[in-house]
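Quick setup: one chain, the form predicted on its own, written in structure tokens, and binding and motion questions come after.
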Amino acid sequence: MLIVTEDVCKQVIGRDDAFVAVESVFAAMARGDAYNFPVIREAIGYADALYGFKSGFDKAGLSLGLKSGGYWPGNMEKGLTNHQSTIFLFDPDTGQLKALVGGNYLTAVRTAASSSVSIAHLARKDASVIGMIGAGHQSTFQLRAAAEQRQFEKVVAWNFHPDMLGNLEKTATEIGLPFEAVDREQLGAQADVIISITSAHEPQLMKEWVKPGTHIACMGTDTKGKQEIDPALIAASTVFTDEIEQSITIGETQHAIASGLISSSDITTLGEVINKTHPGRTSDDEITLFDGTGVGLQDLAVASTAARLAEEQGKAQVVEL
């Protein structure tokens, strides 16, 4: 069995690797070659934590396993990442445990890759301003990955706690983009691409603030009750997701579904666009929206890549069970 630590994951997995892994598994899901098992995610009644399991099997990539972990909101005060997880990979031929992989860094990287894949396939080619809603740990991963998909000329950002925007500004400076802190109405008016990555339970972006032609990646809602986007904005958009069942139950579209503004038939998987069985964006005025709920197969895809690269580079620990 291999053990691949957090530090080793950071050494062997980059944004390009994560993009390829996530794009490939989205395509496999749309072809029916990969499927996710039902998600278990619960409030444990201690430390305000959410804990659960995401799992699945990719027959094309031969990735079988699960991610165990969740969200501990008090971790930042302890110098830890709020999201904590570990990924278990099994041999699909024997069922034996094949690898134990640190999941914290990979969760951030695969989440950023997911929105990045959506931008690559759905955003207007001439998109020049990127808007960031949220400035937590994952926001800098999101910005770096997104910036590689279009020739952006500016970053505009908003966060509920403005003092946290410094991390995003530093990242924008490092990648050579001007940065401006704005209110949400200004962000919607300026941005051609918007990434929302918060843990909110009420809309942070309203329909009337968003201009035609915008692409929105909703990356924070992964639990029943969470919400980042005005349901009316979802109804006015062409909606895509990683997995429809998760989208309508624990993803951003759960609220638009519950209020009857859209139905599940109005949602398309991003894998269909990747496989070219759906055209994706059809006009420059169309608002496209990607509901990134975070499927277990994403974790298994990047973890499998990390385990393979770590083994090839002699950086994985090998232990006997």
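All of these numbers come straight from a predicted model, not from anything done at the bench. All residue numbers are counted from 1 along the displayed sequence. Think of the rigid core as the biggest set of C-alphas that the two forms share within 1.5 Å after superposition.
We do not show the form predicted in complex with a small molecule, though everything after this point is about it.
Engineer: Since the chain is shown here on its own, which stretch among 218-226, 86-94, 119-127, 231-239 would lie within 4.5 Å of the small molecule in the model of the complex, judged by heavy atoms?
Structural biologist: Stretch with heavy atoms near the partner: 218-226.
Engineer: Does the small molecule come within 4.5 Å of any heavy atom of G134 in the model of the complex?
Structural biologist: Output for G134 is yes: heavy atoms within 4.5 Å of the small molecule.
Engineer: Can you work out whether S247 and the small molecule are in contact in the model of the complex, taking contact to mean some heavy atom pair no more than 4.5 Å apart?
Structural biologist: Although the small molecule is absent here, S247 would stay clear of it in the model of the complex, with no heavy atoms inside 4.5 Å.
Engineer: How about G271 - does it come within 4.5 Å of the small molecule in the model of the complex, if we only consider non-hydrogen atoms?
Structural biologist: Output for G271 is no: heavy atoms all beyond 4.5 Å of the small molecule.
Engineer: According to a 4.5 angstroms non-hydrogen atom cut-off, is L100 in contact with the small molecule in the model of the complex?
Structural biologist: So L100 does not count as contacting the small molecule.
Engineer: Which of A181, A200, L177, A147 has a heavy atom within 4.5 Å of the small molecule in the model of the complex?
Structural biologist: Of A181, A200, L177, A147, the residue with a heavy atom within 4.5 Å of the small molecule in the model of the complex is A200.
Engineer: Look at L261 and decide if its Cα position differs by 2 Å or more between the shown form and the other one after superposing on the rigid core.
Structural biologist: Shift of 2 Å or more: no.
Engineer: Using a rigid core alignment, state whether the CA of A27 is displaced by 2 Å or more between the shown form and the other one.
Structural biologist: No.
Engineer: Please state whether V39 has a C-alpha shift of 2 Å or more between the shown form and the other one, with the rigid core used for the fit.
Structural biologist: V39 C-alpha, core-superposed: shift of less than 2 Å.
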